[in-house]
Structures are given as C-alpha cells and as structure tokens.
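Read the single chain below, which is given as structure tokens and is the form predicted alone.
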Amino acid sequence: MAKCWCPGRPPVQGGKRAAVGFCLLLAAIPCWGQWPQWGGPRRDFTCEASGLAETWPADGPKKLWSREIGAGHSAIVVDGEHLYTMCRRGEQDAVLAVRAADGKTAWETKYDAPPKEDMQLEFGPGPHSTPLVADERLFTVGGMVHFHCLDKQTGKILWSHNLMEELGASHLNRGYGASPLAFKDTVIVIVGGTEVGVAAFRQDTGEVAWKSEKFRGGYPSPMVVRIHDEDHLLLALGAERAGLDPATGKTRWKASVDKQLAGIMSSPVFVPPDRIFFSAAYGGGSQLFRVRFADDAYTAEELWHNTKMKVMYSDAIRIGDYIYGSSGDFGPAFLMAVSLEDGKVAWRDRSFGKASLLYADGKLILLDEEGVLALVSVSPEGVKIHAQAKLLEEKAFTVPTLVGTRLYLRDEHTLLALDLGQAANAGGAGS
C-alpha cells in the first residue's frame, strides 16, 4: 500500500501515548491518498508506492473508468475521494471536481475567459496550469491568467484576481501554464509581464503578500527547496535562472543564460544539497548549477552545459546520480540518461515519442504524446521495457498522477483511471 502524504496535518501533541493514539486513529480511517499539486507530494514527480504490478496485459493495466471532459492539458491532483483538474467550455475555463471512485462530476465551476486576439491557438488556449490543494482551498490559474481560490468541497469561488489586468501578467501567446505553489500561509504564482515577475497572495483573503522584481513570464512551475539552511524559491523564467526568498520575494541569487535557453518549459530539478538542473528544448540543452554562499552573498555557478538533452514540455527525474528525461522538440524524441557528475549522456533510446514521466516503486511510468503508457526500469546502463499499451487517442501532453495503485491520466479530452496493482493485473504480459 502506498504511504499517504497528508499536507497540513497538525503535529501530534502530548508525547508518545498521544502519538500512538493518533496513529491508531489514522489506521482506522480509510485514506485515499494525496497528490496535491504539480509534481506530486514533493513536487518532483516521484511518490512512495508499493504493490505495483511488474507487468500488464497486452491491452494495458486494468481500466477502472473513463470519461470525456472539456479540452485542456491541466494535470490531475488528488485529495481524498476527489480529483481536481481544469478544462475548457467554449470561451469559459472550468474547474472540475471528479469522484475518484467512479469518475462522476462532484462539482464544476466555470468563469468567462475568452482568448485574446494575439494568441496562437493551434494547441488550444489551455488550461495548461495544474490546480493546487492547500487545506480546504483549491487554487487555479487559467490560460488567460485568471487566478482563483475555491472551496474544494463545493467549488464556490472565495476570491479571485485577473492577473493580466491587475499585475500586467502575460498569457505567453499560447496560454499561461505555470502551476501555483503553497508556502506557509501564502500561495505563490508566476506573473511575468510588464510590472512584476512573481507574486505571493494570502491564502485566506487573496491579499498580495509580496511582489518580486520584474522577470519575464514562463511555463516552468516554481518550487521551494532548502539550500545552505535557507528556503529558496527556484525559478526558470526566460533567460534568467533565480532563487528568491519565498517569504519576502527578494532575490537571493540570479544567473543569466544564453538566449537559446530562454524557451524553457520544464520545471527545475533540485539535487541536494545545493545543485539545480534545468533543461530547455529549441536548441537549448541542459545545465547544472551549484548555489554557493560566501561573504554574506549567494551566487550560482554553472557546472556544465549539455546540448544533447533537451526536455520540452515534459519533466525530468533524478534517480541517484543521473537525470532521466524525454529529450526532443520538433524532431525525434529520445528517452535519455545524463550523468550529474559531468553532463555526459549515458544512453539514448527511441522506443517512445516525447513523454512525461513519474517514478514509483523502483520504476518509471511513462506516457508519451501519442497516448502510449509504459512501465520501464532505468539505470545508468540502459532501459528495460516491462509493459506498454496505447490507451489514449488524442495528443497526451499531461503527466500522469499516481495515488496508491491508481493511475490517472488524460489526453486533450479524455480522463482515464487505471489500477496498476499486482492483483488487478495478475498474469499480464504487456510488452
């Protein structure tokens, strides 16, 4: 059974006896599990799970349910018995709560969000950003940069901001895509535009807590990590790589990169205790930085730059001393392993199209843009495919979500729930 990560749970009070009683109480309550944000519990596309099948039947893992939803590429978050995602209804954005048990709609909240005349819409206007669950609230940002706080139980809008009108935010031509981040009592969003780069809002009231210096807008979602015993809000916006104080928005360090790397879309990957991996497509490549602290100042030093691994819209995952990712933009795609030590490519494999990844129970779960789902083992020596099946028909740009043995995935219009457990897929051979 997967471990259940429950954000916001208060610490146990009253010593060992109270702690034992609290744990017994938790054991008596069914726990559906959590995937509360972009990238999962740790925002790194990994989760602690066990009991997953070693292989699947030829037609894929056991299907639990499937349903049509509106267009979009927003990923799925899970909180208890409900899934949350975003989709499109005509010229409106919709925030959707779905019952995990059967896929039926629990509630749906829509708001007007007509596309702007200057947008490029061959992939649709989104939504591209992924919702965030924090305590009893759900935070969302749509393609036209409408920022909402909703009651997660009812879908009632508690407060909202039009970030384009209020802070000069950019829709990035193809629709806003970065996902919000909770930090203490605030929620942090990328703004990017004419006035401010990043802003934090009070979760309860929507009041602005801080604004950063100006940064260009961008698709990579931010994350908070601990470096030199201080919190750093990691950013990859245009040709800037930066770390901010997430409590105040003040810049701790900043590094400028070549303009070929300005088209970055994938999120940063933290390599403890002080290194950060970034990857960009469109000829950019991958970089590893080390954040140093000396003479009361932070600096970021580039350790290496590799032009071979070019992660586009998807994610990269660190396993040990290697980064694994799907490299490619408009040409062929390669599943690839790169050494963190020197940036050298360990291997490349062309078995899949451009793919999103998550790591659980010692394996990668891979969904490529053609709708092929696969279970693979990776190591510095190579890749082994255990199972694969084509399960989605439209372009699948969205990273899957895993809670327990349940996998949730979507293409542009279809939401699908699968059981990856051993019992559900006994006797399968899907490669």
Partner chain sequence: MKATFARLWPAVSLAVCWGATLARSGDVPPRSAGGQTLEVPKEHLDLGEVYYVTPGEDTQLVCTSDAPLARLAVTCNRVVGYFVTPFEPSAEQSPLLAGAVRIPVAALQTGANASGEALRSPPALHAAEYPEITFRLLQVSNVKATGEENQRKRFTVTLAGEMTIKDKTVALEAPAELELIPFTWRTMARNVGELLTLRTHFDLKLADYGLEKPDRSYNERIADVIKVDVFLLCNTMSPEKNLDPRIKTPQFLKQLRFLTLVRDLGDPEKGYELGRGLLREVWDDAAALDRLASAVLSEDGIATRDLRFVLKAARRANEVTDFKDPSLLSTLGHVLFDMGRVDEAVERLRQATEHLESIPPPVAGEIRATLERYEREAERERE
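Positions refer to the first chain, counted from 1. Every value quoted in this text rests on a predicted model; they were computed, and no experiment measured them.
The form predicted in complex with its partner chain is left out here; the points below concern that form.
Heavy atom of Asp229 within 4.5 Å of its partner chain in the predicted bound form: No, Asp229 stays farther than 4.5 Å from its partner chain in the predicted bound form.
Asp296, heavy atom within 4.5 angstroms of its partner chain in the predicted bound form: Judged by the heavy-atom cut-off of 4.5 Å, Asp296 is well away from its partner chain in the predicted bound form.
Contact test in the predicted bound form: Glu122 vs its partner chain, heavy atoms, 4.5 Å: Glu122 belongs to the contact set for its partner chain.
Exercise: Asp44 in contact with its partner chain in the predicted bound form, heavy atom 4.5 Å: No - in the predicted bound form, heavy atoms of Asp44 and its partner chain never come within 4.5 Å of each other.
Among the candidates Arg67, Lys62, His386, Lys395, the residue which, in the predicted bound form, approaches its partner chain to within 4.5 Å (heavy atoms): Selected residue: Lys395.
Position in contact with its partner chain when the complex is considered in the predicted bound form, options Lys184, Lys104, Arg350, Lys250, heavy atoms within 4.5 Å: Contact with its partner chain in the predicted bound form is made by Arg350 alone.
Gly238, Phe277 and Asp315 each touching its partner chain in the predicted bound form (heavy atom, 4.5 Å): No, the whole trio is out of contact, none within 4.5 Å by any heavy atom.
Contact segment among 374-382, 47-55, 387-395, 400-408, judged by heavy atoms lying within 4.5 Å of its partner chain in the predicted bound form: Careful reading of the contacts points to 387-395.
Stretch 252-282 - residues with a heavy atom within 4.5 Å of its partner chain in the predicted bound form: The stretch 252-282, when checked against its partner chain in the predicted bound form, contributes Lys259, Gln260, Gly263, Tyr282 at the 4.5 Å heavy-atom cut-off.
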